[in-house]
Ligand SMILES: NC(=O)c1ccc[n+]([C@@H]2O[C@H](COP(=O)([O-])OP(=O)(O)OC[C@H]3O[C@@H](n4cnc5c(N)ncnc54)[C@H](O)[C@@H]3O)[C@@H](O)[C@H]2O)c1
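Shown next as structure tokens: one chain only, the form predicted on its own.
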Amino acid sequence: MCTGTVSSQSTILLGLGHGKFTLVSDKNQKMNINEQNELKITVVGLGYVGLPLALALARKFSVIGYDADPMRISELMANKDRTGEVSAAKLLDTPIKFVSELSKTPSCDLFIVAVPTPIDDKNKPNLHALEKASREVGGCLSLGSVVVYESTVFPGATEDICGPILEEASGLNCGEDFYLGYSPERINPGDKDHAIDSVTKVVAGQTQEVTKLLASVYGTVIPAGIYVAPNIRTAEAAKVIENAQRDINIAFINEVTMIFHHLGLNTEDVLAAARTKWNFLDFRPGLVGGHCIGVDPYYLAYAAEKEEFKPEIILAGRRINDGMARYLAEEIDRLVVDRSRLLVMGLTFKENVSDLRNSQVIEVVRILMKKNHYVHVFDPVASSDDVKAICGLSLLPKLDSEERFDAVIGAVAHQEICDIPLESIKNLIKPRGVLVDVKQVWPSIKATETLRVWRL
């Protein structure tokens, strides 16, 4: 018996491919799944979102983990997670069956799709991976199957795009022979304080019965609790505005930071004073990258424009944040002479993660190289092979204490970078060189007669 946390007032039968699951309401208003057959779940996509979810579900259910990348599957079977989110010990201990061919797996009751949903070069939604995954899942559906999407999409995508693809691939009718659900991911890579089981999970189903099933299944492994949205579109919309709101707040701080530089004010001093008010929102300036905050607002804008509504604040925030790489590169260029030797510390999109997707530091490096500077990059967290393949750059394998640079740029506050002794950082910089501290990596280093310091 598996117990979830959603309230109910009725007993419902939901036909699934391996038998019926009876959702029972008890006196405490908690949902129970009385299993006539064990619930079988397949998680499609084993990246930052899918892998932690699959491990959590595998504590209570029979789980298959599928990824289209055979190398990814080989690594996971060897207890290696290249994202750094899951330890080798946890992979060794999990009962998950990892596969790279979905069509050869046993049929299952619940499919959970967690594949990337990036944007294209015109900032429009790129649903290629989502559509491909839907076709593959569709080929495996049986009567009563439920397909849940966790990938970030614009409102309507699950039912209007994914549903028809599943129908075509399966030959079944959506809403009659199989059912849809949506439960947006809330994974924050590198954040151990907000792991999957400590964040409230939003769920929505195509029918009331599906919603209750999803709430019970997710509620079994997520003690933080379940929030039931009234419908799938509402859950989709909630996800995109979560990241759009954060993007706008960071854009505001980035814009006032640029104003403060013109006014000769220290941004951190201004923010420290403003934080003393109880309702001031504590955001910091910086480069906004990754696969969520820099992407999701464009999904919301796309949905608005389809309805002939022109969004303004959302896109203004994106313009400001997308422009920060060029602003930073031009400030660095202004601080040094032509053909300077520059050292960029950190290349990934955020601290303590290896993910390079949409990292704005990469754009800073490219702009500085176009301005005829010799740019060297050190990142103790990023994979040198990934950096070479994705960025065409070579990482310094280590810092040479004998080398000197015209500028050292603290772009990402990896813990390993923060732990480098301050004197070692200073010794990397030529006399009258500049320390560019983008992320308050070295807040205690002050300017001297032989060292200039610039902070965002």
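Worth saying up front: this structure is predicted, and the values here are computed from it rather than measured. Note that residue numbering follows the sequence shown and begins at 1.
The discussion below concerns the form predicted in complex with this ligand, not included here.
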Q) Is this ligand close enough to 48, 117 and 132 in the model of the complex that each of the three has a heavy atom within 4.5 Å of it? A) yes
Q. Hey, of 305-313, 208-216, 287-295, 244-252, which bit sits against this ligand in the model of the complex at 4.5 Å between non-hydrogen atoms?
A. 287-295
Q: Taking 4.5 Å between heavy atoms as the contact cutoff, choose which of 72, 376, 201, 233 touches this ligand in the model of the complex.
A: 72
Q. Of these, 109, 333, 185, 159, which has a heavy atom no more than 4.5 Å from this ligand in the model of the complex?
A. 185
Q. How about residue 44: is it within 4.5 Å of this ligand in the model of the complex, going by heavy atoms?
A. yes
(Q) in the model of the complex, is there a heavy atom of this ligand that lies within 4.5 Å of any heavy atom of residue 150, even though the partner is absent here? (A) yes
(Q) I'd like to check something about residue 189: if you look in the model of the complex, is any of its heavy atoms closer than or equal to 4.5 Å to a heavy atom of this ligand? (A) yes
Q: With heavy atoms only and a cut-off of 4.5 Å, decide whether residue 136 touches this ligand in the model of the complex.
A: yes
Q | Partner contacts for 62-84, taking this ligand in the model of the complex and a 4.5 Å heavy atom cut-off | A | 66, 67, 68, 69, 72
